[in-house]
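Before any questions on how it binds or moves, here is one chain, the form predicted alone, in structure tokens.
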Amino acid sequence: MIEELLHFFASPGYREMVLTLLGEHVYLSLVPLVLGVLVALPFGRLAQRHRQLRGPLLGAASIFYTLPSLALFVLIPGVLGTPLLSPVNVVLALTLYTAALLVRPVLDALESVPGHITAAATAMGYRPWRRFATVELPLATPVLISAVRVASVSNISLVSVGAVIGIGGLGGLFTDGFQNDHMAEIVVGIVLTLLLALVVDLLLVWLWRLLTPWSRVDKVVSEP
């Protein structure tokens, strides 16, 4: 196996292929992650503000998330008229999956903000939108980022399924490796997928600390 891996990485053609597939995997998994967060935020906010909508919204999100990803990759081209191998299908499908996964955590994150803080902001004259953007959303960030970390791993894993219908990403190494009985491709695909998930997770942790500097202050103050 070691010799096979060394031969794999010694080939400029294989290296170029891996870099191309890695770039496609990053694009196909992270763009839907960002879009999914942007879609989930208003729905989570809507569920928080209007309790009568909470059940239908959360129920619809849960049901949608149970749809098989491969079926959705095939269904979307039929609905939108896009080519079957278009990356748009994967981006749209994963955006919907991410949004469905995050609606409930967004609601939980917003409800984790202490009521006396929002009341104080209201008493200081903060309008609802300003209070949401400058008080509630920053304080909800720790819970929200935790959910986004789960969604990032889910997206990076699901993109690999797209290789079954010929869409790019590191999953192409799995299908090509199985077809050609080339174990090195499969191993490289698995390792790079795991490393990508780890790197994205570390970046989200860094973003978490960047956006919540007060959490570090609280930790220092609480230490003896």
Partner chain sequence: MIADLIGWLTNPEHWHGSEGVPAQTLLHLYYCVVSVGIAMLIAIPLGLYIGHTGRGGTVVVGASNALRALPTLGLVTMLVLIFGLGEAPALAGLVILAIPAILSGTHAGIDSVPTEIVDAAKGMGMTPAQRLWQVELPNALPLLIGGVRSAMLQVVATATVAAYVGLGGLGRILLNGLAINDYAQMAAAAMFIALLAVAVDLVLAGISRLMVPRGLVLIAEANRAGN
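Numbering follows the first chain given and starts at 1. Values in this document were obtained by computation on a predicted structure and should not be read as measured data.
What comes next is about the form predicted in complex with the partner chain, which does not appear here.
Q: A119: heavy atom within 4.5 Å of the partner chain in the predicted complex?
A: No, no contact at 4.5 Å.
Q: Is F178 close enough to the partner chain in the predicted complex to count, meaning some heavy atom within 4.5 Å?
A: Yes, F178 sits close enough to the partner chain in the predicted complex that at least one of its heavy atoms falls within 4.5 Å.
Q: Would T193 count as touching the partner chain in the predicted complex under a 4.5 Å heavy atom rule?
A: Judged by the heavy-atom cut-off of 4.5 Å, T193 is in contact with the partner chain in the predicted complex.
Q: Even though the partner chain is not shown here, does P77 get within 4.5 Å of it in the predicted complex, heavy atoms only?
A: Residue-level check for P77: yes, a contact with the partner chain.
Q: So which of V187, L53, L38, A60 gets a non-hydrogen atom within 4.5 Å of the partner chain in the predicted complex?
A: For this set of options, the contacting one is V187.
Q: Of the residues V31, L46, V199, L70, which one places a heavy atom within 4.5 Å of the partner chain in the predicted complex?
A: If I apply the 4.5 Å criterion carefully, the residue I get is L70.
Q: T66, V161 and M183: each with a heavy atom within 4.5 Å of the partner chain in the predicted complex?
A: Yes, because T66, V161 and M183 each have a heavy atom that approaches the partner chain to within 4.5 Å in the predicted complex.
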